[in-house]
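Next comes just one chain, in structure tokens: the form predicted alone.
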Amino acid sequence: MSLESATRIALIYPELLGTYGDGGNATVLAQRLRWRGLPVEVVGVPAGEPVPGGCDIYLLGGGEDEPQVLAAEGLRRNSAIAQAVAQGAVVLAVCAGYQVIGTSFPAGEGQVHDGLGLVDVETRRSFDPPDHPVPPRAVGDIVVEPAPELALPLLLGYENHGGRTRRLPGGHGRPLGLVRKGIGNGTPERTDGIVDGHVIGTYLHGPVLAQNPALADLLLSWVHGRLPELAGPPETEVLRQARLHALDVHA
């Protein structure tokens, strides 16, 4: 896109997918563009409204079970996000949003709901045999070592989800990274999230982009190409390192 035109960031259904403050990801992206002198427009998309096409970045956050189902139903009514992704748009989907962009996710007692199919993952309460105990809810701090090709530092956040997510056999995409602390996808590979093209799904709240500005800049680089470096305040990295030390995780 042209650097002269405003970057359009769509915040999808914040009243349904905003339980854990993930709407802050839009604030972080917008501010990091403004610091670079680049115009930006944050487009709030209330539940029930059609998702606009032509946005550069689409953000989906976390939510409870019933709002998650409502969000999936609303998003399936049009194909704006899928069409935008086909044209190179960026998607960051967190927790419930991550499950929604997959092929299916649990909805209520023993029920499975269709997702958008933007990424080749499926989510269940458990992938074990029916008579096996359901694993406990994943709640707490999470640290992820990103895939090397992303060239990112350790990712920090917290998780709060009851789902287990796995990539479909033969499916596209790769994990966002390896879990150093926490649960993430909850599969034996100990991974979190998925990256497929310019689409990222993850279980990291925080908001994830506030705690991990390098990830925010990666998303922005997918829109603009190489961007001028920002001299972030040194206390940001000091706080990150203090948090890693407290969690006994070393880079």
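These numbers were taken from a predicted model, which means no experiment stands behind them. Counting begins at 1, following the sequence as shown.
This next part talks about the form predicted together with glutamine, which is not shown.
Q: Would you please decide whether residue 121 lies within 4.5 angstroms of glutamine in the model of the complex, comparing each non-hydrogen atom pair?
A: It does not: once glutamine is placed as it appears in the model of the complex, residue 121 has no heavy atom within 4.5 Å of it.
Q: Using a 4.5 Å heavy atom cut-off, state whether residue 137 contacts glutamine in the model of the complex.
A: Because a heavy atom of residue 137 falls inside 4.5 Å of glutamine in the model of the complex, the answer is yes.
Q: Hey, in the model of the complex, is residue 160 touching glutamine, heavy atoms inside 4.5 Å?
A: Within the cut-off, so yes.
Q: Should residue 41 be counted as a contact of glutamine in the model of the complex, where contact means heavy atoms within 4.5 Å?
A: Looking in the model of the complex, residue contacts with glutamine do not include residue 41, since no heavy atom lies within 4.5 Å.
Q: Can you work out whether glutamine is within 4.5 angstroms of a heavy atom in all three of 64, 96 and 205 in the model of the complex?
A: Yes: 64, 96 and 205 each sit within 4.5 Å of glutamine in the model of the complex.
Q: Since the chain is shown here on its own, which stretch among 55 to 63, 189 to 197, 25 to 33, 41 to 49 would lie within 4.5 Å of glutamine in the model of the complex, judged by heavy atoms?
A: That would be 55 to 63.
Q: If you apply a 4.5 angstroms heavy atom cut-off, which residues in 13 to 30 are near glutamine in the model of the complex?
A: If the 4.5 Å heavy-atom criterion is applied to glutamine in the model of the complex, 13 to 30 yields only 20.
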